[in-house]
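First, one chain by itself in structure tokens, the form predicted alone.
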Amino acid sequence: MQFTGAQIAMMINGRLEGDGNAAVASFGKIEEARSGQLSFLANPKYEEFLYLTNASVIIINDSLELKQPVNATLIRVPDAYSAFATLLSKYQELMTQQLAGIQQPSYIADTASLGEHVFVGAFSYIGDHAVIGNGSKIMQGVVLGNNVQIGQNCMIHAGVKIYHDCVIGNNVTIHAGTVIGSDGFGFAPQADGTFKKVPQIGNVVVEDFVEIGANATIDRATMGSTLIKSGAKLDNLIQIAHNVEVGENTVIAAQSGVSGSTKLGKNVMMGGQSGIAGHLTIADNCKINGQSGVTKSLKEPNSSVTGTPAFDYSNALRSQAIARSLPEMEKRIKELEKMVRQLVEERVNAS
């Protein structure tokens, strides 16, 4: 597909500078873009490439003052990065809208219900009484168990497995290999030292506008629902245990885990490889640094923690600074001890 600078400016409500008929058919990074490509500049570190690039159209911030002439057509917007993301989303929508119909071989139960403009890729399995909303795309090799509900305009990528009774909202994206609704880790210890499995009879509910990365696992609740609330974003390789609640617009980076029955508030941010113990509460707007281990509830909104066990971020930085100084402090203490011994010996000799 090909678009002109004028068409792109209209899509993102930008202000055009230069040739509105300049055409682009693909995207490129500003430092290596070719003629016929669209790029953007948001980070000032890359401004030098604005004057060197071969890109035909470039999205830039309103606030940027040019230091020399630019050959490309410019589109000014308040936030170039956000505008570029919006444009990519529109482009992706146009591409996925072309997907329609049911590829073969695939299995769709007679009792399943498919809305309008639904796509089902080859080798997919749609179970009894499953429901797929209008415009949703089920890519190759997806398994939807019995009674699974998929909302409208969802993208379920290849190899995703969604167990029975789970509910997916509207405008949800789930990336390849993710498993939703597998059994929670529930085993009751027995007198003879063995463990008896506790049946996991709940489900997983994923609300609207959630994105879940590749190879993530979200366990079904023992009873009730494991809940991923609206707007949450989960990275790749994340483990969400049974009966967890992830609050609205919370973001969790890769290789992180949340243990059973923990509740995360709104707008929580978890860095990569962080973990939270079970049955805790994390207040709204809390930030958990990468590789931190949270073992106690964070009851105060807007808290920032780091370390294992995690504690206040500012105090942790001060502790780290002190720790780096320990060798020098030890040396000074030994020198002081030596001086004290010499003074004591001098006074003893003087008496």
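The shown structure was predicted, so the numbers you read here are calculated from the model rather than taken from an experiment. Residue indices: 1-based, along the sequence shown. Note that the rigid core is defined as the largest set of C-alphas that superpose within 1.5 Å between two forms.
Another form exists, predicted in complex with another copy of the chain; not displayed. Remarks below refer to it.
- Taking non-hydrogen atoms only, residue 28 approaches another copy of the chain to within 4.5 angstroms in the predicted bound form.
- In the predicted bound form, another copy of the chain lies farther than 4.5 Å from every heavy atom of residue 45.
- Taking non-hydrogen atoms only, residue 291 approaches another copy of the chain to within 4.5 angstroms in the predicted bound form.
- Another copy of the chain in the predicted bound form is not approached by residue 228, whose heavy atoms all lie more than 4.5 angstroms from it.
- For the residues 215, 281, 97, 113, the 4.5 Å heavy atom test against another copy of the chain in the predicted bound form is passed only by 215.
- Comparing 51 to 59, 297 to 305, 66 to 74, 322 to 330 against another copy of the chain in the predicted bound form, the single stretch with non-hydrogen atoms within 4.5 angstroms of it is 322 to 330.
- Contact residues in stretch 37 to 53 (any heavy atom within 4.5 Å of another copy of the chain, taken in the predicted bound form) are limited to 40.
- Annotation: Cα of residue 41 displaced by at least 2 Å between this form and the one not shown, core superposition.
- Once both forms are fitted on their core, a CA shift of 2 Å or more is seen for residue 31 between this form and the one not shown.
- Taking the rigid core as fixed, one finds a CA shift for residue 325 of 2 Å or more between this form and the one not shown.
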